[in-house]
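One chain follows as structure tokens, the form predicted on its own.
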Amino acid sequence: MRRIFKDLAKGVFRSRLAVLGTILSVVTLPVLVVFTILDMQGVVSNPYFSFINYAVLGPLFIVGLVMLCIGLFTGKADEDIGLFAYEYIKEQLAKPGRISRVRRLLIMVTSLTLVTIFVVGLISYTSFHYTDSTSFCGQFCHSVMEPQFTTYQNSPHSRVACVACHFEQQGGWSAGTKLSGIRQIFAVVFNTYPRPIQAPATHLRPTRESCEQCHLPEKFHGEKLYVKDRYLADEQNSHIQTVLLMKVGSGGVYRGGQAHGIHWHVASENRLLYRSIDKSRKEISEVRLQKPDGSEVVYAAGDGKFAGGGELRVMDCVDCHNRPTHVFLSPEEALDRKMLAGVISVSLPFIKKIGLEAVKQPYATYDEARVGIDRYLRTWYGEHYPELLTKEKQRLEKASQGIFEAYRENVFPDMKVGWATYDSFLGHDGDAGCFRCHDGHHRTVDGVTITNDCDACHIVLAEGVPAGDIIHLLRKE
């Protein structure tokens, strides 16, 4: 065995390439194994730790092995033909008593090969899954993905892995998205990525297939009671509520019933297509309804300003739920949520009004925003309610922090993401959402328009009434 290691070392030292490969492999292997075990046990959660392990140390170890092998089999020798040459093995087998030596050689080579295959396989497997992890997607390129990762953490899908929605594990979408990810890494390295990140994303797998892994439209049914809380910008910060009965309906046959309600739009028996003239899909020029009998109804924008052109696509879940996870709130809604949670005290007069004014100011950085919001509040209350600066000092400080948190969770100066950067199509704020099609202006050649009847999707049970017990609201007591 000593002779085997001696011959192996001799073969290594004949080639500088083999020597360098050996050093590289021997140095990186123990570090790589320890780091991989720590990562698999969840001891270290830093995304850069995993990146160094799988994207730096792993490839270095494999490169070292390749260099070692190339050096061993290409290194020149004057005395003999090398340890692993066929003639060497043949010569050893021809000599009496050498079979056991050759057997030990083969056992050693086989063992080293199996260990190497195991280590390389483990590295490859864990490397692949590391690139599928939420920490890699959201935290590795911190400044680029900060808006998306922050809103993801505050969303109903915060426990769903990014890859569950952004690409499919089977089929061509996985490879295509991986290649797209490589392009994005280069964009980060060379600082060529857009600010803000463009929406909608173009390198997602089919969105309906993504959503229906968890949400099946055919199983939606009935109505849903929805209560929207708001605070007015008056002295009392009046708490009001709007109560809606949402006609969720069904996207397919359920218990003998037909598709109806809001999810009628994605029912299998109806095929809806629309044509948009802008990349944001906000301006809809044409809607087509293909019926089960093969007939088609075409609704076009009535004023003709969108005639021709534009992308024609099949309507799916994300055409309405365009921000199911990365939800950027309006300043009003952001402050309302903080007030409802008690982070911002409603006992402070005009806090909603002053908070809105403060968060809408232009700030270049978060530090500037933190100082600016606090200064804005103290200046205003110092002029109008000076006694509160001492009597309500703690509540003012907490309110100031809460208003900054509302700003911090929705505005990202480095990525040029402001309050109105991304539109939400869920609902009908302004002229977006439902009103892209249900505006009363999309009509057929016969003059039939797409309905804009509010009761088609919801029934208003109470609107802008003082907050109270929901039963009393519904009874209008």
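Not measured: the values here are computed from a predicted model. Note that residue numbering begins at 1 and tracks the sequence as displayed.
Not pictured, yet referred to below: the form predicted in complex with a small molecule.
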For this session: Tell me the stretch among 60 to 68, 405 to 413, 29 to 37, 421 to 429 that has any heavy atom within 4.5 angstroms of the small molecule in the predicted bound form.
Result: 421 to 429
Exercise. Exactly one of A334, V119, I354, C165 has a non-hydrogen atom within 4.5 Å of the small molecule in the predicted bound form; which residue is it?
Worked result: C165
For this session: Heavy atom within 4.5 Å of the small molecule in the predicted bound form: which of L329, C211, I277, L340 fits that? Just give me the one.
Result: C211
Exercise. In the predicted bound form, does A161 have a heavy atom within 4.5 Å of the small molecule?
Worked result: yes
Problem set entry | 4.5 Å heavy atom contact, C457 to the small molecule in the predicted bound form | yes
For this session: Evaluate Y152 for contact with the small molecule in the predicted bound form, applying a 4.5 angstroms cut-off between non-hydrogen atoms, and reply yes or no.
Result: yes
Exercise. Given that the partner is absent here, does S127 sit within 4.5 Å of the small molecule in the predicted bound form, heavy atoms only?
Worked result: no
